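Here we start with a single chain on its own, the form predicted on its own, put down as structure tokens.
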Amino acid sequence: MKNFYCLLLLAAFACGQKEVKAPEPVLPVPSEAQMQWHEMETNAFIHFTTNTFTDLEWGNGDESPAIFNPTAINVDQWITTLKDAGFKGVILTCKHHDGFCLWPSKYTEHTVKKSPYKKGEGDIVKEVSDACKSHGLKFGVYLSPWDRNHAEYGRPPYIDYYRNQLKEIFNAYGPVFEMWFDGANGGTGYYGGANEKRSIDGSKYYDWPTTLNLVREMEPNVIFFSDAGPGVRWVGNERGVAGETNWNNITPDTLYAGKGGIEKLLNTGHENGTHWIPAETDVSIRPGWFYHAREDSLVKSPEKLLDIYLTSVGRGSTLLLNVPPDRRGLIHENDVAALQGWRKLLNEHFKNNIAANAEARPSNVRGDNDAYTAKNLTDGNKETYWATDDNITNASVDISWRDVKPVRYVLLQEYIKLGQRVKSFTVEVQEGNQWKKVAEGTTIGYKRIVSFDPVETNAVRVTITDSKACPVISNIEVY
């Protein structure tokens, strides 16, 4: 009889732990390449061309290649500086609007092969690509669609030229993780000596579907950045500020690079957008994008860079921080110091996760099944998650630890492989026997970091107050 009751208990336990179906995805969801892009979190931009030597931001296209002459260039210094700061990838301006090419393109003479650099034998693109490979960083390229030097810009032959240069880049310098192009298209320029203004229809002139398919044939997993994607979108400003509400979704049917009046949409995304096109937050460490000696005293401080981190990565975006080499061909000492100070602050503020393996008590667990338990929030495994039953879109979890500690940040992550769901949430801390609200927000997405004045506590409560479907949360950290 005793064995019979034991069997009944085992059967009851087995029934209680029967397989429970995972939540259905809330579409759209990220591709594998987009997921890898999210996980990079911080990348560096490098603007370097004739503008560095003319003290301009946008060259006219008539600059002589002879002025491109870095006297002490050390590409390895660039990449080691950026790696030490924590960047996972580097995007190089292989060609800016002035049309000067940092590689010896066979389709134009407006390149480094006509410059004094290494007596015309230099290739900055190769040097950066090789250094990235050597130091374990991913390599990306900016190839401006607008070319103020080329005589055929604005006419059909230029599109062949642009595509030929893409073939040169992707066949010789890959792998390339991201291709970057912006909305600056058309205007005054040299244009082979015409010195005139040329306008194009940005929605049609480049025939982007054909151009992007050409690139995909060479690099199937490349991420395309432009104002509206299709891989990742512009965040709508160059201040380093993603939207406090930041949906990874937009509907791109009527959007294209250079279309005006869409900055707000790009900043916030759209809850019901049809495509997963997350925001990339691009900003420069200096007021300008290219190096100017007059800006040596205006490099952003480590504290400002920390603020930018919190309003970019901390709002579910990826940070693309521009760090331009100077005329020597080095990252300036002031920029290096700022990056080192920023890295030190990040290490200090996010060094010890108080919530690691802490006790987590949820208001609901999907099917009462251990596969979706709140322990998954603090286990350090990005592939596990806490989920609720399908009819529960308002739920909370309490995370506690033994000793009272000062708390300033709470980091939240959704399991976005099943889509972005959370529409609003609150964060509370326990003070004595009372719960005190210290932060609230809207979207979470890949990552959300909420900050508040330091509070002494041994427990936090995160409440999902509204969600498109049952919340699926993969990670909570407390600092």
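Nothing here was measured: the structure is a model prediction, and the numbers come from that model. Quick note: we count residues from 1 along the sequence shown, nothing fancier.
This protein has a second form, the form predicted together with beta-L-fucopyranose, left out of what is shown; the following refers to that one.
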- Task: Establish, in the predicted bound form, whether Phe48, Asp62 and Tyr291 all lie within 4.5 Å of beta-L-fucopyranose, using non-hydrogen atoms for the distance.
- Result: no
- Item | Location of beta-L-fucopyranose contact in the predicted bound form, chosen stretch of 187-195, 329-337, 94-102, 300-308 [non-hydrogen atom, 4.5 Å] | 94-102
- Message: Does any part of Glu295 reach within 4.5 Å of beta-L-fucopyranose in the predicted bound form? Heavy atoms only, please.
- Response: no
- Message: in the predicted bound form, does Glu280 come within 4.5 Å of beta-L-fucopyranose, counting heavy atoms only?
- Response: no
- Message: Can you work out whether Asp182 and beta-L-fucopyranose are in contact in the predicted bound form, taking contact to mean some heavy atom pair no more than 4.5 Å apart?
- Response: yes
- Contact test in the predicted bound form: Tyr409 vs beta-L-fucopyranose, heavy atoms, 4.5 Å: no
- Message: Exactly one residue in Tyr158, Phe170, Tyr142, Tyr117 has a non-hydrogen atom within 4.5 Å of beta-L-fucopyranose in the predicted bound form; which is it?
- Response: Tyr142
- in the predicted bound form, which of the listed residues (Glu348, Asp370, Glu263, Glu238) lies with a heavy atom within 4.5 Å of beta-L-fucopyranose? Glu238
